[in-house]
Ligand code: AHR
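Just the one chain here, laid out as structure tokens, in the form predicted on its own.
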């Protein structure tokens, strides 16, 4: 039986909005073993480290061209007081992490350690400030401490702690989830707070802040509208007020209930399709919030930042329920591939996205074994690596005139083929997912406006959707060369096996 064929038209000479590299951002919270035991093992560790920062983790993330890292939370950000995390480690006061496991936090990983980590990674820092339990002065002082030159109280304090020159820190979050763990505020109350905090978070020298207001949860479009009203008038195309330059959005893929989210590795085909329906909803949400923003900002000067996204499962049996440690299967990788295709289509408004989280928490890139110290790259990691050529590339529109295959999943309709494309430096990169659990499909790429040469393709798949990587089988789900790509009169024909993610890269001749 022959496979279904999906014709897809790509005009390689018609460039769309640039796909910001920051759509491939990451998130590191003081949660479980993300920081301690993940990024930071301490200077006395037997594992190779630089100032306590685990170097094999750094090397793995540098291979992704990691563009930015969000820290210290998450919910933790709104109980974190940054001055507790500077100075000699043995003099730093401890605190209780009430959100995540009720464990004691010794503050050995603080501002200087985070900035050293970002320098090792070659990533821009994205700092979430404390609006929930902090003060305007506290956040204003943090900005000054990090970014001001010359002489001032915070500059003198920074120098006393061993750093003469300021850092460059553009991205600042004005709180986190202020509708929930960040203060349980109303939209209007938070909008007023964001104006206040945004006013006193100053630009110092040539360090121009990009202030990100704590935006909506899922489909709370009224929250987005309230924040946009604060910046300007309905239909006004003038420059928005400068209190903040972007709004955030949080959305997790949770096919179960909040109390029982489902198992990361034990699931059936029905569970899989339910997951993909929830993952595909990200397009609806980005469209909805963008439409609200367009009413107040048709010039698209205000950015949308999806700074928490990913799958959320029940924790692995035997682990602390407050540490949110979960395995990562081929299913998670396909969720990531689908998200990126949607992100690329929204590149005119979406300026940053941060998967939750980077190491040992939720949909992580990396899992580290607390007993043997082994580092495992997850299937999701490989999607990031295979897609890194899209960073700062011009998006290319993909048209499928005849439509794509779809499955009915309860009351929902799931399109089972997803494609996105971009071009940069004379090369084109096409990413394709076949979300069907059982049926293969061929995608016929009609590449108009140019011809391709030096075609290279890779595939990420496994026999079972539940396949995942462990210290014993680190390559169970890993990319490999994909040979089932053939030239046609108008472009390329690409075979997509069931439940697979494929990239095709070629030089434009």
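Not measured: the values here are computed from a predicted model. Numbering follows the first chain given and starts at 1.
The same protein has a further form, the form predicted in complex with the ligand, not shown here; the description that follows concerns it.
Between the options 142, 100, 296, 384, the residue in contact with the ligand in the model of the complex by a heavy atom within 4.5 angstroms is 100. Contact annotation: of the candidates 341, 105, 308, 113, the single residue with a non-hydrogen atom within 4.5 angstroms of the ligand in the model of the complex is 308. In the model of the complex, the ligand sits within 4.5 Å of a heavy atom belonging to residue 177. Using a 4.5 Å cutoff between non-hydrogen atoms, residue 31 counts as a contact of the ligand in the model of the complex.
Within this chain, residue 75 lines the site of the ligand in the model of the complex, having a heavy atom no more than 4.5 Å away. Proximity of residue 346 to the ligand in the model of the complex falls outside the 4.5 Å heavy atom cutoff. Shown here without its partner, the chain carries 253, 273 and 412, none of which come within 4.5 Å of the ligand in the model of the complex through any heavy atom. Picking from 143 to 151, 357 to 365, 260 to 268, 314 to 322 the stretch near the ligand in the model of the complex, with a 4.5 Å limit on heavy atoms, gives 357 to 365.
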